[in-house]
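Presented below, as structure tokens, is a lone chain in the form predicted alone.
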């Protein structure tokens, strides 16, 4: 795996519940935007890494095959992967392997989700993913499992709802500057605390909105990257890890799979002191408390310290360690498989100084993107640098 791999182009659709476009049309839109951004055509793409969450979310059987032509896979080798919410970052690792191995010079990574197709709500699909004997009789859904996690996290570290709500306020307000944001509106801590209770302590504004959308990035080896851009963003490290699928057997206060994935990516990238060698972070934030958990799993702070970093402004866009300056999933939206790839795309723009109003104040030469999902036991991490 001696070949260096760079991201040279990125495309992202608006995140919104879209009634007209199909999933393959969303994939096509993101792919065309990525190609146009670096002046490439599909003739120059060697293979495709396609990421999309379980078929049920789009209501289409064999979704990888269904999306293939829209995602540029026609007549090209392609691989579909999905690990729920971890898919977007994991797909970049899949693409990295294809190019780093020397098998292909270029790879188009496309991730898509169109959850509005599932009626009345994609949450209904989750009931079937739990163990049929030990868990399904409890009729679990993700919201109340997240409520268990959030309550455990708050109790373990003596946190109040206000401490958690600051993350939602930060990210939703950051998203006011994002052109792809689904719901751009200013939010206060009081707004979060007064929003509808879904499953205590989870309230509506603690949660990212369900979205449709697609993101695409183009990976290239060093030779191609130097030809097509003078600002390549290098993939310095990739990592992934699995914890037990049984949420009853996991530490609900700390994400061990994220830590293990981060250790793998950091080792590859030569990062020995994440807190000081990572300059900007895009952790997975489908719920506000998850950003705090994931900052700790990424070893960007100690256990139980992330809420104080947020309160102190360290994670603000103009802070010492900007976290989700894009607005994250809480602010921009959460098309599950595409969500992690959105994180990678945002780092690409930040490291090139092309994030517009979202650009962080400090100089950044290295960032980390992280996603998490499946049965809440998958951690995926990518380190990017310039």
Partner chain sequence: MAKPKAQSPKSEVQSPKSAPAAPPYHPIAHGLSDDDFKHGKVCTTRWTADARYAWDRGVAIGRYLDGLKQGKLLGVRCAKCARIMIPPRAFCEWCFKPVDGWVELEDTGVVNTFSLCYVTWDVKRVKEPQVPAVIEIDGASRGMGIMHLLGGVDPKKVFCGMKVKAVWKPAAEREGAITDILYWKPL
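Residue numbers count along the first chain shown, from 1. Bear in mind the structure is a predicted one, so any value in this text is a computation, not a measurement.
Not on display, but discussed next: the form predicted together with its partner chain.
Between the options 248, 223, 272, 194, the residue in contact with its partner chain in the model of the complex by a heavy atom within 4.5 angstroms is 248. Only one of 132, 227, 160, 276 lies close to its partner chain in the model of the complex, with a heavy atom inside 4.5 Å, and it is 132. Stretch-level contact check against its partner chain in the model of the complex with heavy atoms at 4.5 Å: of 175 to 183, 307 to 315, 162 to 170, 285 to 293, the positive one is 175 to 183. At a distance threshold of 4.5 angstroms between non-hydrogen atoms, residue 351 is out of contact with its partner chain in the model of the complex.
Residue contact check for residue 199: one or more of its heavy atoms lie within 4.5 Å of its partner chain in the model of the complex. A residue is said to contact a partner when one of its heavy atoms sits within 4.5 Å of a partner heavy atom; residue 189 fails this definition for its partner chain in the model of the complex, lying far away. Interface membership of residue 39, defined by any non-hydrogen atom within 4.5 Å of its partner chain in the model of the complex, is ruled out. In sequence order, 119, 120, 121, 123, 124, 127, 130 are the residues of 102 to 130 having a heavy atom within 4.5 Å of its partner chain in the model of the complex; the partner itself is omitted from this view.
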